[in-house]
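As a starting point, one isolated chain is supplied in C-alpha cells, in the form predicted on its own.
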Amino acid sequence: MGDAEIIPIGTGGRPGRGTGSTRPSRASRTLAGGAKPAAHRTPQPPPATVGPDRKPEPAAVHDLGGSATRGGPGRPATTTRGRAPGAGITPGEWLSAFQTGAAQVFGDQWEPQLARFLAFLRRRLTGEYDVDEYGFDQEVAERLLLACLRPIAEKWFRIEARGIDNLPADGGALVVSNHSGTLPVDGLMTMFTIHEHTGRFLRPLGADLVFRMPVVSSLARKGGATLACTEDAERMLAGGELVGVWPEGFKGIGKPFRERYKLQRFGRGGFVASAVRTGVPIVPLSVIGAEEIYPLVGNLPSLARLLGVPYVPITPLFPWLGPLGLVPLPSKWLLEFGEPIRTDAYDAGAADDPMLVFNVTDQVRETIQQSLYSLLMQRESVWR
C-alpha cells in the first residue's frame, strides 16, 4: 500500500487533474457547454461612462453555456430581480388556491360553515341575539361552550350515557347528581351529554364562588348557570327548564381520593323542597370516572384561606408539573340517569314538611349511592 500511486477521484485515471492546476479538466469543459476556459477568454472592456446624453447599455446575463440573454444563442436565464410579490398571479388563481386549501383543511362543507360563522359574528357585533333574564345566551352556549367540550367528552373521557330516556322531553325537571373530581368538570360533562342526546339545555345551580370570579362568572351566566338559591331554582322549574344540582357542593369535589364514590351530606334538602313546590320530577344521576381525573392526595388549608377558596388541591401531578398538572387524566366516564322520582302527587304545603323533605332527600341520595356501587362493580377498568 505504501508504494501505490494515489489517483484523485474524477480525473479519468490520470494524475495531475483536480490537484490545483489552472487548466480545467475535460469534464469541466463538457459541463460548461463548450465554453472557453476563463484563462483564455478575451478580457471585457470596462463599462463606458454614462454621459448626460447617453443611456447605459444593459449588462449581459450569461447562462451556463456562456451565452448572453441579449443576442446570445443560449437559453435565456431566469431571474426574479425587480419582480413584485405576487406578480403574474391572477385573482382567479388566488381564489382557486384558497378554495382548494380550505377544502383540504375544513372539508367540502367549509363554505356553509364559513357563512354560518360570519353570520354569528355579525349578530354578536350588532347585538341581534337574545339573552334571558338569568343571562343565558343560547347561541354562546351551543356554538362556543358545548362545541369546545365535544372533543373532550368524546375523545378524552369517552362518555357513555345510560337511561337518557328518563329525562323528560319537555317541561321542568330537577337533575340531582353526585359531585367529584377536585374541579367541577363533571357539571360541564353533564351539560354536554344531556344536550347531545336530548337537545335540551341543562341549567346548573352554581355556588357563590363561581359568580365571584371575573371571567368564569360571565361565561357561566351565558352558559346557562345561575346562583343556587331557592327563588331562581323554583322560577326555572316552573318555567319548564331542566335544572341541575349537585347537593354535595365543595365537600364532594374536594374530598380525598381514598373516599372516592362515597357520597357526602346532601345539605338540608332545599332542592327537594323546590321540586315538591313546583311539582316536577327528580331525576337521580350517577357519574363514574370523574373521581380519577385529579386524584386529591393533599390540601393546603392555610393557602386556601388566604386565597378565599374552599381548598388548594395537591394531586400526583399538581403543582409538581406546573400547568401540565392541570391536564385531567383520561378516565372512562359513565353517566346513568335513574328512574324519575315524582313529586306531583304531594299536597301544596308538603314542601314545608321537614320530615317529608328529609325522607325524599334520603331516597334520592340512597338511589345515587347504590347506583354508584353497581356501576363500579360493572366497570372493568378506570381507563376503558
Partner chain sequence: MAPGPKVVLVTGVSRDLGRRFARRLAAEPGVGRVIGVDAVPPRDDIGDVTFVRADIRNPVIAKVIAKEDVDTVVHMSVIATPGSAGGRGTMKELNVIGTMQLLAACQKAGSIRRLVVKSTSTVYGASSRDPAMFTEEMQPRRQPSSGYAKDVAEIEGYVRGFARRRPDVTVTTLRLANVLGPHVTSPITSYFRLPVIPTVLGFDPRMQFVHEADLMRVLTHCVHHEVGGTFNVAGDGVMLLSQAVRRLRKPAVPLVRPAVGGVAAVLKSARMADFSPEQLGFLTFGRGIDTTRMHTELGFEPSFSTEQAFADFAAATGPVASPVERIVDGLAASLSDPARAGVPGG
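Numbering follows the first chain given and starts at 1. Owing to the predicted nature of the structure, the values given are computational and were not obtained by experimental measurement.
The protein also exists as the form predicted together with its partner chain; that form is not presented, and the subsequent description refers to it.
Look at 147-155, 162-170, 221-229, 310-318: in the predicted bound form, residues with non-hydrogen atoms within 4.5 angstroms of its partner chain sit in 221-229. For the residues 297, 97, 215, 303, the 4.5 Å heavy atom test against its partner chain in the predicted bound form is passed only by 215. Of the residues 200, 251, 260, 124, just one reaches its partner chain in the predicted bound form with a heavy atom at 4.5 Å or closer; this is 124. At least one heavy atom of residue 132 is located within 4.5 Å of its partner chain in the predicted bound form. In the predicted bound form, residue 268 stays away from its partner chain, with no heavy atom inside 4.5 Å. Contact check for residue 112: a heavy atom falls within 4.5 Å of its partner chain in the predicted bound form. Contact check for residue 108: every heavy atom lies farther than 4.5 Å from its partner chain in the predicted bound form. Shown here without its partner, the chain carries 196, 342 and 358, none of which come within 4.5 Å of its partner chain in the predicted bound form through any heavy atom.
Heavy atoms closer than or equal to 4.5 Å to its partner chain in the predicted bound form belong, across 318-335, to no residue whatsoever.
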